[in-house]
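Before any questions on binding or motion, here is one chain by itself as structure tokens, the form predicted on its own.
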Amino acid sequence: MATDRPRALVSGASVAGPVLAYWLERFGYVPTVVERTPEVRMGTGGHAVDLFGPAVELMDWMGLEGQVESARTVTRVFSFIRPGRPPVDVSAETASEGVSSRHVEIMRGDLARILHEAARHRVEYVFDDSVAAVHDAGPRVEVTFERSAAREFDVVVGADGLHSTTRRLVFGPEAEFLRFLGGYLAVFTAPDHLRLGDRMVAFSAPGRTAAMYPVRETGQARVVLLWRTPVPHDVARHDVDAQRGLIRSRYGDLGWELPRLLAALDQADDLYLDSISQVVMDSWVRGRVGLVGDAGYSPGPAVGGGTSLAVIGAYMLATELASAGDPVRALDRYQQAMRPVVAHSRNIGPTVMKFLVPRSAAQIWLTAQAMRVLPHVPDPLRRRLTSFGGSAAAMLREARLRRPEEVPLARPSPS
């Protein structure tokens, strides 16, 4: 006899996790979100992320459009800097016109705060804990935690990012699934000594780019460094001193604002550094365990529309879990629905890197000329030039979302 609503464990409380938990609760599940950090990472922390097309629409369906709009970044102009020459400016919206007509850039911390607040009174959040073991025992999944007592769930979802613990425990070592795209990303905070206003500024040397954009109402700027390398660096993810040394070795010989930025790096306590790698899996579901967002199909940090992909994937997973009844069948249907979306996302990163990190002085010159003429070309050509090969728009088109009122409530879990 049916006695209870089905229960889901979601590992990760950044973006995909809270979106999934919100919709699962709304569709009849009892979700629990476990997060290894002591609290949700709120405020203007992290780097700026993009919501495009269907991801913006999902914010509307969650009733969050006003909050997201109010928290969007103040960046309105992109300035390409070439020392000794006038900067080349283009509006941020023009630069993304070929991807989607709806676009919101927002700090990751602000987005995490908004998503957490949306359902925190209806969803159980467990902070300062992590999944230690997962055993799919058939009708239930037995989960052991680092701190809490073991529990059972009808379905377990890893929404725990590029370096997913859930993926490692259930699917295998991380190295089996990471595809290195030939570059690295570093982000940290520095004083806004350029008084950027509404501008992002970027400077490129062959194989290296440095950019800064303002963090509203803080007097600070976020520094973004992107560089190419044929093989991954031998530096531990949590060795901050070694990471700082690596960055200095890559940028210490450059002019522009780099000496100031490297000095600020020594004081920054929020340095994030990682390879630009994709997660490529033949299957991101196994039994009653599935992955969503970067954990299952990261298109590459900073280059592939991963935040929009995570929001879309979380909603599509929630609709299938509500509709299919059996979690195993639901996870399979979710994977099939997401396959064409994910396939297009994998083409975005390499194309975007060509623009963001030019390989040669000639490519830097061509980038400046393209930006100079962009506002003046006919609309169809401008949309084509800003489509980054068309893969980003194709990814968004493949995301076929049912409206919430079309999704049936989940069936109760059998006793």
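On a predicted model such as this, the values are computed, not experimentally measured, just so you know. In this text, residue numbers run from 1 along the sequence as written.
Beyond what is shown, the protein has a form predicted together with a small molecule; the following relates to that form.
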Q: Identify which of V280, V235, V88, L185 has a heavy atom within 4.5 Å of the small molecule in the predicted bound form; exactly one of them does.
A: L185
Q. Tell me, which of Q335, T189, S130, T94 has a heavy atom within 4.5 angstroms of the small molecule in the predicted bound form?
A. S130
(Q) Would all three of A13, D160 and A302 be in contact with the small molecule in the predicted bound form, where contact means some heavy atom lies within 4.5 Å? (A) yes
Q. The small molecule isn't shown here, but in the predicted bound form, which of 78-86, 160-168, 337-345, 251-259 has heavy atoms within 4.5 Å of it?
A. 160-168
Q: Considering only heavy atoms, tell me if T37 and the small molecule come within 4.5 Å of each other in the predicted bound form.
A: yes
Q: Tell me, yes or no, whether R382 is in contact with the small molecule in the predicted bound form, where a contact means a heavy atom of each within 4.5 Å.
A: no
Q) Does the small molecule get within 4.5 angstroms of any non-hydrogen atom of R108 in the predicted bound form? A) yes
Q: Give a yes/no on whether S100 approaches the small molecule to within 4.5 Å in the predicted bound form, heavy atoms considered.
A: no
